[in-house]
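Single chain ahead, by itself, as structure tokens, in the form predicted on its own.
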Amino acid sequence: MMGNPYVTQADSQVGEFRRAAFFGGVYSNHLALAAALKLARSLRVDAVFALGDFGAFGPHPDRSVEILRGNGIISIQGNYEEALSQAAGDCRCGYVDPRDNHYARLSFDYTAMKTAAGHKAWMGTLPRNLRMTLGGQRVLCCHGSPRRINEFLWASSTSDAFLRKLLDDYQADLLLCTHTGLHWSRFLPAEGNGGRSARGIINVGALGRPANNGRTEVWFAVVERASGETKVEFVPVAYDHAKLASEMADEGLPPEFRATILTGWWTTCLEILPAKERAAGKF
């Protein structure tokens, strides 16, 4: 591994698994996180992993961190954990449009103020990437992408050629990420026979807010490797979204955030979306 400049000893190494659950951005949605953890365990997974961005958007950020830490969930840094642990001035979300950055600032300032110092210190100890073996397959977990913590990998703009280069550069068969808030997966065509190879990408989605589809559920991914096949299941999580919206109102969070929780449609941070993903939403 030391011979490849893209692979570092800073990548955390864990064991071998057959079937595992992966949680994307929690965004302080402690109610959905608790429901997802219970649901994942009922699905008989070997392990549960959290891929960063535990704070942001929702109320009471410490509650989500306490659930993760209290249950020993193996976790990596997202841009929020990096920024909070380093006392950064913003969330390092990767937005470029002022409209997106306006709401990102409101979210980050609230989360930074409400997150305990001990939790911020813990966030600083988390690795940026996580490597494991899933049924013999080399899996690399990251937040945005393995090359940049806040890179957005969208279904519409992530080409097969770019994906193949990422997998080759970072010595992985399967790349798991989050950050966009939208779940999707793609496997590369098998070279030579026109079929599907075992190499690909899974964006595990987000537990923190709905997938901009008019449904109030949020999502996580269960990935299983069995009989030479990689199976991906995106699991919807129903939770008390009305209670979360009420807590958001009590904490003075923007009404636009609450509207997303109650309706399933994104009302903020829309300008970063590519045209195809934007067209799938309401706004």
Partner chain sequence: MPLDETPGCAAAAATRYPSAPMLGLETVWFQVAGSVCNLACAHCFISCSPSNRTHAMLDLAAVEAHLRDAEGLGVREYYFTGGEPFLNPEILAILDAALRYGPATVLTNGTLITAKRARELRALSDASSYSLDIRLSLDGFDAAGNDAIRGAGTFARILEAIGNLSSAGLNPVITVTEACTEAGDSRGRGRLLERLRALGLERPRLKVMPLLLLGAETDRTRGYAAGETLAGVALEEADAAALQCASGRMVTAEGVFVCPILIDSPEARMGATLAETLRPFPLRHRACHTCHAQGLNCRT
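Positions refer to the first chain, counted from 1. Note that the structure is a prediction, hence the values are computed from the model and not measured.
Although not depicted, the form predicted in complex with the partner chain is the subject of the following passage.
- Only one listed stretch (71 to 79, 162 to 170, 202 to 210, 112 to 120) carries heavy atoms within 4.5 Å of the partner chain in the predicted complex, and that stretch is 162 to 170.
- At a distance of at most 4.5 angstroms from the partner chain in the predicted complex, none of the three residues Phe17, Arg44 and Ala190 contributes a non-hydrogen atom.
- Contact check for Arg105: every heavy atom lies farther than 4.5 Å from the partner chain in the predicted complex.
- At the 4.5 Å threshold, heavy atoms of Gln137 stay clear of the partner chain in the predicted complex, well away from it.
- Put simply, Leu153 is close to the partner chain in the predicted complex: some heavy atom of it is within 4.5 Å.
- Within this chain, Pro98 lines the site of the partner chain in the predicted complex, having a heavy atom no more than 4.5 Å away.
- Contact annotation for 259 to 283: residues with any non-hydrogen atom within 4.5 angstroms of the partner chain in the predicted complex are Glu271, Leu273, Pro274, Ala275, Lys276, Glu277, Arg278, Ala279, Gly281, Lys282, Phe283, listed in sequence order.
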